[in-house]
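The data below hold one chain only, encoded as structure tokens and taken in the form predicted alone.
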Amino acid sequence: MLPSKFDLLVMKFGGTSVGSASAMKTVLEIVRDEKKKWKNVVVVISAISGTTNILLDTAAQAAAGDDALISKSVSELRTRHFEILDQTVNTPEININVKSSINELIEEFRSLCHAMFVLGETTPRALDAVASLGERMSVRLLAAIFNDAGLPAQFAEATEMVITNNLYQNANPDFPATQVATHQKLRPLFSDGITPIVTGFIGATPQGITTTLGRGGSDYSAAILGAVLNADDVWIWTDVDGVMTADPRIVKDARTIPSISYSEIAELAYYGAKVLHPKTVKPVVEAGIGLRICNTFNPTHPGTRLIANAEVQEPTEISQIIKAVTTIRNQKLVTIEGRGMLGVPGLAARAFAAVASTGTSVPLITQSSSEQSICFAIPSAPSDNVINALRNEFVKELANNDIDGVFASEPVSILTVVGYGTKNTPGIAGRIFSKLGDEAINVLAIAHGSSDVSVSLVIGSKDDSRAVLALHNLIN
């Protein structure tokens, strides 16, 4: 029988948190301090900042028939990791062993890229093998730093713990299998007083084939491990002081939100806030685990604590309801319209099945009350594929003029106002539209009512920064 809670903390550190020798030393000190307070600590880390981009860009170029970047990238990866190692690990034996281990991974990368160059193509499975190498190098590096500093640590490959399906590049975990594998791997380390340092972002199929959980998936990895280990808390360490009321690059006086509900953070993560991977919330909520977002470079700051929806006190003032404003850029609005759509069952189902066939996610949907048009947002990149899929699906209706057209707009942004009570509080929508009207910002579409904690609006891309600034003024 698996144990109940046993004083366990899971901490995840992102790419910037391990992106330099000084950052790695900061992580060491954070973990050392928390080890004094917690019986067991699990560390989950990302690749050092920029590494995954190097890996995937090189692979893509090789598959396109250009191998010129391979040697340069191999050299850059080696230099990045070895420089950090030489600045942090003074024990010759540890230094030499880790360099040898990292070199093996870099040569594996070179071989994979050459194979893609020869074949002239790549596959999602091959890309996962390439993308995983960044985390596999960083865990070896951080474990060496810990051991050199006298803090016993062991790197652990998530491929031996996080069991997933074979949906490469965006795999989903099998939680029961992951729970068994994780306990088998980590419990002996806990018994020996060793801190596990686990690769974020990656997992493996039951056959042992490497998968990834989607870009930014290290947050999700920490939540998965926290859930299957029945941890007391999961802390996500990043480079900002928790969840902010808006992007500080747009709003200079954006500030940290001390506490936020699970529903609110889920909306923020889905609609563009980069502080947390969208899938992170679900396993933590279902396991009843605490979640905190902290700043590696300001570790004394309390950050943002996530709280259960049931713990949220119903606000009474509009200025207290709105907690944050966020935006997703590089979207397009797709419209399907025609008088022949009126009252015809199944058209929406066919439309979204066609969109799904392209692997495209739809973040926002609206439909006219007359049923003569459907409008939805999609990312700009796959818009041509989506339009073609829809026109193929409705080729007969287009020929018969039952559907007048299927078309995509110019680039737009989705602006989302997040706060508990936006659905049931009179005046929220009015205040939002008034603020945007004062700035002469036109709203192209709106989704309100499907969520208790958000209002989403589609606006022209050129207006998004001004819109965020205007709506941020509604926050108390």
Ligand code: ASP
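So that there is no doubt, residue numbering starts at 1 and follows the sequence shown. If you're wondering where the values come from, they're calculated on a predicted model, not measured in any experiment.
Below: the form predicted together with aspartic acid, not depicted.
Proximity to aspartic acid in the predicted bound form, defined as a heavy atom within 4.5 Å, holds among 303, 196, 217, 173 only for 217. The candidate site formed by 264, 320 and 420 is entirely out of contact with aspartic acid in the predicted bound form, as no residue has a non-hydrogen atom within 4.5 angstroms of it. Within 4.5 Å of any heavy atom of aspartic acid in the predicted bound form lies no heavy atom of residue 40. Put simply, residue 415 is far from aspartic acid in the predicted bound form: not one heavy atom of it is within 4.5 Å.
With a 4.5 Å cutoff on heavy atoms, residue 46 counts as touching aspartic acid in the predicted bound form. Comment: 217-225 is the region of 174-182, 122-130, 217-225, 395-403 lying near aspartic acid in the predicted bound form, near meaning a non-hydrogen atom within 4.5 Å.
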